[in-house]
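Quick heads-up: it's one chain on its own, the form predicted alone, in structure tokens.
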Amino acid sequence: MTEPQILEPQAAEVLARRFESLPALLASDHDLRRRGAELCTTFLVGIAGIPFLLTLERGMHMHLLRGQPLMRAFRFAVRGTAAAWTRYWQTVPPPGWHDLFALTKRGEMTIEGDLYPFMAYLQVMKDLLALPRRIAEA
């Protein structure tokens, strides 16, 4: 299957707009909010060079900020290419593009920083970052 070639900046903006729906998607997922109810952390997600700062508070209340303000710390970062997020957010991602760790092995994504909260809530984090799969693909 061949995919249309989209220029990286255009693809990044489309993906960023899709990612901005994350708070609403999380608010509607009661099971995910229950499983992550004790998670409190601030982390960075890079969507093809566009940074997002996410703060999760008890009860999975999320604050999402596009950009990385000066002097704002975060515990860890998950950064990926446009190709990584595009395929990862497909309704049924292809093999090798379905998992955050598979994407790091491919060199399409990095996970760095203090990984304790990420690993302690690994399935919650994976499910949280996969929420944009629920948005119909354009």
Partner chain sequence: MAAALASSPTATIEPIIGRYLNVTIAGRPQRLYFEEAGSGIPLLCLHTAGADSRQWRHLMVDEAITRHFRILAFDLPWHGKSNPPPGYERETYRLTTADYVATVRAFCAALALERPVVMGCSIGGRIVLELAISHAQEFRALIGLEAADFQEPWYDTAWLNRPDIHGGAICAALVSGLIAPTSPEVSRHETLWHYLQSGPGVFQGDLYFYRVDGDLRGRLGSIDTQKCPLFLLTGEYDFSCTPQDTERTAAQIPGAEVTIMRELGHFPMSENPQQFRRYILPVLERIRTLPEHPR
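Positions refer to the first chain, counted from 1. The structure displayed is predicted, hence computed values, not measured ones.
Below, we turn to the form predicted in complex with the partner chain, even though it does not appear here.
Asker: Can you work out whether Asp29 and the partner chain are in contact in the predicted complex, taking contact to mean some heavy atom pair no more than 4.5 Å apart?
Answerer: Looking in the predicted complex, residue contacts with the partner chain do not include Asp29, since no heavy atom lies within 4.5 Å.
Asker: Can you tell me if Asp99 lies within 4.5 angstroms of the partner chain in the predicted complex, counting non-hydrogen atoms only?
Answerer: Within the cut-off, so yes.
Asker: Using a 4.5 angstroms cut-off on non-hydrogen atoms, would Leu122 count as touching the partner chain in the predicted complex?
Answerer: Leu122: yes, in contact with the partner chain in the predicted complex.
Asker: Considering non-hydrogen atoms and a 4.5 Å limit, does the partner chain approach Arg17 in the predicted complex?
Answerer: No, no contact at 4.5 Å.
Asker: Report the stretch among 89 to 97, 36 to 44, 76 to 84, 59 to 67 that approaches the partner chain in the predicted complex to within 4.5 Å, counting heavy atoms only.
Answerer: Every other range fails; the passing one is 89 to 97.
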